[in-house]
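Before any questions on how it binds or moves, here is one chain, the form predicted on its own, in C-alpha cells.
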C-alpha cells in the first residue's frame, strides 16, 4: 500500500478545514455558551460569565434522598441506548444470517429489511403512535380487543419500552447492512471447509463466522451508539418525553432547556456533557477494535 508523502496532505487540507468549521466551531461555541448565565426569558439580566455553575446545577447532590433529575435522565439515556444497541446487535446478526442465503426472493427481502433505515424518524414515530399504538384505532388496540383484552396505553404506562422498540426498529437495518457485508466477505473456501469437516450450524455461526465479523459488529455498535444516543425526533412525536420526564434522554433535555425553558447556558452545558459521554463510549469501542486487530495481526 502506498504511503502518503507530506506534500500529499495538502490535498486533504480543504476537506479538513470544512469539517473543522462545520463541527468544531459550533462545539466550541457550545462550550463558551455553557459558561454563561444566559436566559432568553430574562433579557434584562443579559449575559454574564458564570464559570461551571451550569454544570454544577446538574451534577451537585445535596443529599442521597434527593438525587437530581439529571442523574435519572442520564440513567434513562444509558438504558435506552444500551438496550437498543443490544437488540439491534442480536436481531441484526440473526437477520443478517438469514439474508446471507441464496433463497427465492432474498433480494426483495433485503430491500424490505432496509426500509425503516430510510424513513424519517419523525414520520415513523407519527405512524407508530397513530396507526399502531393507538388503543382505539391502532392495530395494537384492535387486536387486543379482538382477543378479549383491554388494551393498555403503552405510550403512557411503558414509555421506555416504546422508545426502545422504536429505536430498535429504526436502526436495526443499519446493523443488518454492516453485518451482512461482513458475512458475505467470508471466503467461500472457508464455508466449504466447514461443511467438509462436519461443523454443525451452531459451531459454524458462533465459533467461526461471528469471530470473523466481530470488527464489523464493533463498528456497527460504535456508529449505532452515535446515531441512537443523539436521536430526538422519535421521542418528540411519540412520548414527548413523558409522562413527566420518564422518557427523557439527554438530547431531549437539551431541547426542553433551550426551547421551553429558554435557558441557553444550561442547555449548552447539557449538550457538552452529552458529547463528552458519547466520545468516551466511542473511544472505548474504538480501542477495543484496535486491541483486537493488534492481537490477531
Partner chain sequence: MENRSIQDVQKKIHRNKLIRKILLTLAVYLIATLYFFPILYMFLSGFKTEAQAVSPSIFFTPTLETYAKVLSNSTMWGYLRNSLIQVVGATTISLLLGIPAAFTLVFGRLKHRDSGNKYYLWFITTILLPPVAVLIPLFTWFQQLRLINSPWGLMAAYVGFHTPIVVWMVHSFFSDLPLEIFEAADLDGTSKFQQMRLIAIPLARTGIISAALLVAVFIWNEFFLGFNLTGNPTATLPVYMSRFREQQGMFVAQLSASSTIAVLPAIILGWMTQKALVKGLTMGAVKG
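Take the two forms, find the largest set of C-alpha atoms that superpose within 1.5 Å, and that set is the rigid core. Numbering follows the first chain given and starts at 1. Keep in mind that this is a model prediction, so the values were computed, not measured.
Below: the form predicted in complex with its partner chain, not depicted.
Peer 1: Considering non-hydrogen atoms and a 4.5 Å limit, which listed residue (83, 172, 183, 74) is close to its partner chain in the predicted complex?
Peer 2: Filtering the options by heavy-atom distance leaves 172.
Peer 1: Identify which of 130, 156, 203, 193 has a heavy atom within 4.5 Å of its partner chain in the predicted complex; exactly one of them does.
Peer 2: Exactly one residue meets the criterion: 130.
Peer 1: Within 4.5 angstroms, counting heavy atoms, which one of the listed stretches 75 to 83, 145 to 153, 203 to 211, 115 to 123 is next to its partner chain in the predicted complex?
Peer 2: Of the options given, it is 115 to 123.
Peer 1: Using 4.5 Å between non-hydrogen atoms, is residue 102 touching its partner chain in the predicted complex?
Peer 2: Because a heavy atom of residue 102 falls inside 4.5 Å of its partner chain in the predicted complex, the answer is yes.
Peer 1: Mark residue 30 yes when one of its heavy atoms lies within 4.5 Å of a heavy atom of its partner chain in the predicted complex, and no otherwise.
Peer 2: Heavy-atom contact with its partner chain at 4.5 Å: present for residue 30.
Peer 1: Taking the shortest heavy atom distance, is residue 268 within 4.5 Å of its partner chain in the predicted complex?
Peer 2: The answer is yes: residue 268 has a heavy atom within 4.5 Å of its partner chain.
Peer 1: Spell out, yes or no, whether the shortest heavy atom distance between residue 230 and its partner chain in the predicted complex is within 4.5 Å.
Peer 2: Residue 230: contacts its partner chain in the predicted complex.
Peer 1: So which bits of 211 to 226 sit within 4.5 Å of its partner chain in the predicted complex, heavy atoms only?
Peer 2: Sequence-ordered list: 215, 216, 219, 223, 226.
Peer 1: Superposing on the rigid core, is the CA of residue 23 displaced by 2 Å or more between this form and the one not shown?
Peer 2: Comparing the forms between this form and the one not shown, which are aligned on their rigid core, residue 23 does shift its C-alpha by 2 Å or more.
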